[in-house]
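Form predicted on its own, single chain, as structure tokens, below.
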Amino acid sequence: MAAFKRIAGRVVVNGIALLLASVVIFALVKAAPGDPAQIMLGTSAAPDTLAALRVQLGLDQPLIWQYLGWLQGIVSGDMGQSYTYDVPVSGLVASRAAVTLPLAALASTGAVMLAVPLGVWAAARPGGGADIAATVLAQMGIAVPNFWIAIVLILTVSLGLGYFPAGGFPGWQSGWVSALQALILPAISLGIPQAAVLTRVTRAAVLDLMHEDFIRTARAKGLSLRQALWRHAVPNALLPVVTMLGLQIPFLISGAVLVENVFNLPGIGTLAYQALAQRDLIVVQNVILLFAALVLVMNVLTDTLAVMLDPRLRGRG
């Protein structure tokens, strides 16, 4: 019951935070220079035509009514009409999310599968060769920008070896095999920095547990170091790893702009970049709110997983 109250409280707090974030996003977008009607019609448009379009877009209404209308549309699933593409923003975002979300899922899954064994391997022999190698690789992964990794992968793996496409996305309708092939290199580019951070977190968490009594007891009962690590240390070290992963995923999705542009992927990052360049403010406004909502949702999910992984948290309100 206490755990349920804790999670429900987090949901309420994050809901209020999202509402406040929507106010800030709306104010910043409205404060940006430029007239959407002027951008759509061009500088040579007649004043009466501009005025009619502003009325059609609802730009003639007071800001408070524009904001409330935007919130009402989001609740009902209507994010408005894109100024540039002249299509509903909800459909536009959904089509781009069908690329970015699988990309983020592939990158995060690969990062966890690489980071956890590497971090445990490094922690098993602190100061040894494996530890030094894992630390150096993690430092390099953190220091090197993901877009540079993307360029190197295109030049070597794609153009040099011809294993994967150098860019573009064929669409899921062409088959999941060809679609996944187009996402492999971008996922590696996004996942390497994430894996580097998770490796360091895993190593530190496991090292902290190596001197605990339950690990020494497990070793005294005859378990090997490897068995004690994977049966006892790793499950208890998952909490900081899950917490860090929950913080990384939203920023991985919002930070996919550069990688998506390098690989010419029609994802949310590319959409945000194009909308900003074309002054399509209604798209920018909704995409930024989507990123903010994703951060808050991941916060709630991370807190829920923390309660599930750590029984000590279940008794706290």
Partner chain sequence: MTDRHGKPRGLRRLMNLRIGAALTGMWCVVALLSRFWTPADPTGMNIAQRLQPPGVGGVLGTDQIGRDIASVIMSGAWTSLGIAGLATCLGGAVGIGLGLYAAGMGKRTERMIMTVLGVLFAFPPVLSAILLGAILGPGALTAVLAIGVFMVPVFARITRSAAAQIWTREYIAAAFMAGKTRLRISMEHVLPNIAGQLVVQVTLQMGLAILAEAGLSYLGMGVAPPTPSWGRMLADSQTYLSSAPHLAVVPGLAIALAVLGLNLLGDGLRDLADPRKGGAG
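Keep in mind the model is a prediction, meaning the values are calculated, not measured. Positions refer to the first chain, counted from 1.
Here the subject shifts to the form predicted in complex with its partner chain, a form of this protein not shown in this document.
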Heavy atom to heavy atom, is residue 31 within 4.5 Å of its partner chain in the predicted bound form?
yes
Counting only non-hydrogen atoms and a 4.5 angstroms cut-off, does residue 273 reach its partner chain in the predicted bound form?
yes
4.5 Å heavy atom contact, residue 155 to its partner chain in the predicted bound form:
yes
With a cut-off of 4.5 Å between heavy atoms, is residue 301 one of the residues that contacts its partner chain in the predicted bound form?
no
Sequence order please: the residues of 268-294 with a heavy atom within 4.5 Å of its partner chain in the predicted bound form.
269, 272, 273, 276, 279, 287, 288, 291, 292
